[in-house]
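This document opens with one chain alone, in structure tokens, the form predicted alone.
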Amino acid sequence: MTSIPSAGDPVGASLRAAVFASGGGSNLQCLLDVERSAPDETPWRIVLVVSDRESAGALGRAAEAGVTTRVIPVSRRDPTEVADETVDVLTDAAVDVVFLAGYLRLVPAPVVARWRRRILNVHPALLPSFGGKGMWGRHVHEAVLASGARVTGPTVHFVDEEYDEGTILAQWPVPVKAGDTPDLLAKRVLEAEHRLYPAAAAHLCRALLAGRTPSPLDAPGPHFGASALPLDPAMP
């Protein structure tokens, strides 16, 4: 994984990040790899991984990396209790930003309010299409293929109180090819996610470190190829 070069922030300056994941955590691993490849140049430190499932593979990835983990169950619990526990856990870890990486639960409204425009999610389609409750993983790619769309790709957006409706920070178009299956399309989109998400996370963190509101990340260069996306678009 290529490191993210600095864009003017002080060497070593970083924000404390929590990652929320429900599954295997490939995007978590991507963020960890970027962080560990050049720690002095990466504007975040993952200090906590939260999951709603004890069986989530992301917890094993975090443990292997020496990152603190916490399971916060959601099913059959009072939403207020879940929200209070989540706020307490993030506050105790002094978390500045949150990155969702395959987290399948709606983030509690008090958490969104406390970390407003500091929570990012990556979605495997070009929102606002193919988003909302139930639109995750293979379901998204099946819907894209069924629609006849010729372009898809990941979207990184701010998290708000609804599924997949927060302001879009970055997108990267990926072609839908003749003969694609959901698995083939998912693999191509995931490659783009692994390029776009660290770039968007860095873009947000550097803006916050500089005390400014992040502008949309408009990656230069040709579209339709994840390899064309630089990890530091050097936004103003």
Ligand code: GRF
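Residue indices: 1-based, along the sequence shown. Only a predicted model underlies this, so the values are computations on that prediction, with no experimental measurement involved.
This next part talks about the form predicted in complex with the named molecule, which is not shown.
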At 4.5 Å between heavy atoms, is V122 in contact with the named molecule in the predicted bound form? yes
Worksheet item: Is the gap between G102 and the named molecule in the predicted bound form 4.5 Å or less for some heavy atom pair?
Response: yes
Check your understanding: So, in the predicted bound form, is L190 in contact with the named molecule at a 4.5 angstroms heavy atom limit?
Key -> yes
Within a 4.5 Å heavy atom cut-off, is S51 in contact with the named molecule in the predicted bound form?
no
Only one of 167-175, 62-70, 24-32, 204-212 sits within 4.5 Å of the named molecule in the predicted bound form by heavy atom distance, namely 24-32
